[in-house]
Structures are given as structure tokens and as C-alpha cells.
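Take a look at this one chain, the form predicted alone, written out in C-alpha cells.
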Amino acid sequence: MRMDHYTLLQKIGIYLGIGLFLMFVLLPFLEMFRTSLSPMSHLFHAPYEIWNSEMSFQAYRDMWDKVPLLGRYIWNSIYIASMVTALSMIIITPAAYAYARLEFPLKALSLGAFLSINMFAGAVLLIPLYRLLNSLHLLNTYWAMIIPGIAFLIPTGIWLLKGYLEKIPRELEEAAYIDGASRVYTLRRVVLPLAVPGLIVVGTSVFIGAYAQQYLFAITFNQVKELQPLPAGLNQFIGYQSVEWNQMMAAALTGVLPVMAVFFFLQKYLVAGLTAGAVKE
């Protein structure tokens, strides 16, 4: 009986912890959704109203008139994040394989140096990045937001994928070498097919990171309105006298939909990738 009682309390504790975590994560989105449905006259109403009779989806219609380039901003965010992800993965994959399988001088030191980049906030490196992009004549282009995104996301991607590749048995590669396969062929035909779950996890992580970090690079390295991503485009809902909070929240939630679609579409692959290697056979 004591064991059953302990197990029941353990389950209750786990479910309470999950509930608190979900509440912490979802409450901001629920508040954004409530704000997007409320007319401006009710947003700062006291006492706080969870629901009122005037709530509607009018803000979702008005936001396109308020910011005519909103669709372009959302497309720019998707394009920049996709380019950052694709180019980052081209670099991350062979680099992670090299760190997982090869021995070379300063291996640990160089990996630590890469990871140390993530210790610096993006704002610290804005001036040198600005000078570099200016010397390459890349300011006010998509590349001005793509290149810094790649630089900040590659180190973490290498670290994540390296850990996954190390779980793939070396015997599979050695068998390919015995049959005369080159290292590049072995990577392409043996290792990468087995590493698909890990590649999806890293690729999704890079995409979400690239989608989230666009604001700072956009306002610093780009002054062309048509090239702005959504986070910078949301500034247009801020007027001289007031802020259209309901329309801003509606636009922000609309802009989050691509990331949510990617996550839900790849959900089962993400779970497989994150749990791979967790249990020894």
C-alpha cells in the first residue's frame, strides 16, 4: 500500500509539474490571443476582463490595412530563416562529423572557441559585424541578416550534431572502408541516413533560432523597408500617439504560424531525434 501511495503521489507531482510548465509557456500566447480579439477600448479596462462581448477578429482584418507590407514581412522572415538553416546545415554537417570522428590538433580547444561565441550577446559584436558587412557591400540586403544569423547558430548546431553522430557505431563506417568506400562516400551513404533524426532536430533548432533573432540584425544592418522581417515590421503598429496593441498581437501570432507549422509537421521526428541514444540496447 505504501508503494502504491508513493507511486500515486509521484504521478500527481509529475502532472502538476507538467501543468505548471505548460501554463508558464502558454499563458503569454493566450494573453496575446485575448489582446488580439479585444478592441482598444477594452485592453486597459479595470478590472481585468478575460472575455467581453465586443471581442472579434476585426484586428486580424485591420492589420493588413494598417501595415500593407505585412505579408512581405512574414515572407522575409521565412526566407531569411530558411536560408540561414540551409546554409548552416551545409557547414554544420561535415564540421560535426569531423569533430565526432577525426583526431586533429587543437580539436577540443577549437570546439570550445566556437561555443564561446554563444557567450557573447549579439549587441556586443554589432560594430565589428557592421564594419565587415559594409566592407563587403552587403548592408541593406538579405545577406546582411543571413550571414550574422549563420555565424551565431553554427557553433551550437555543431555541438548538438556532434553528440548525435558519436552514438552511431563506428563499425558501420569501418565496414564501408573495408569495401573500398571513401570517407565522403561513407558520410553521405552510411552516416547521414542514420543521422536523419539528429539532422532534423538540429535543423529545426537552427530554424527557430534564426526566426527568433532577426530583429537586432534587421534594425542594425538593413534600412530597406521591403527587406525587413516581421519582428522589425511590427514597429509600424507603433504610432506617434498610440500603439495598436490588438493589431500588433494579431500580426505577431500570424507570424508565429510558420514556426508552429514546422514544429508540428516534424514533431514525431523531433521526438525520435531527441530520445535517440537515451536507452542502451
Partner chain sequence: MAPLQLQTVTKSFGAAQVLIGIDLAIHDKEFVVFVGPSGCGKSTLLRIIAGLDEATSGQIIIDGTDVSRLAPVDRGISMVFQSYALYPHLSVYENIAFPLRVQRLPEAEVKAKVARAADILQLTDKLPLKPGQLSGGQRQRVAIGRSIVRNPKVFLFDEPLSNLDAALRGDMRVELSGLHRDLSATMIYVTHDQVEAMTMAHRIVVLNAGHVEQFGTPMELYHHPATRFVATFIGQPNMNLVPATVLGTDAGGLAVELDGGPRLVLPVEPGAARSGDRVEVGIRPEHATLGDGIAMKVRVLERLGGVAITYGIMSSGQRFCAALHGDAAVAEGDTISVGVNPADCHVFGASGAVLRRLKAPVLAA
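What you see is a predicted model, and the numbers here were worked out from it, not measured in a lab. Residue numbers count along the first chain shown, from 1.
As for the form predicted in complex with its partner chain, it is not shown, yet the points below apply to it.
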Choose one stretch from 175-183, 204-212, 150-158, 80-88: the one whose residues place a heavy atom within 4.5 angstroms of its partner chain in the model of the complex. 175-183
Val190 near its partner chain in the model of the complex, any heavy atom under 4.5 Å? yes
Looking in the model of the complex, any heavy atom of Leu125 within 4.5 Å of its partner chain? no
According to a 4.5 angstroms non-hydrogen atom cut-off, is Leu115 in contact with its partner chain in the model of the complex? no
Is there a heavy atom of Glu171 no more than 4.5 Å from a heavy atom of its partner chain in the model of the complex? yes
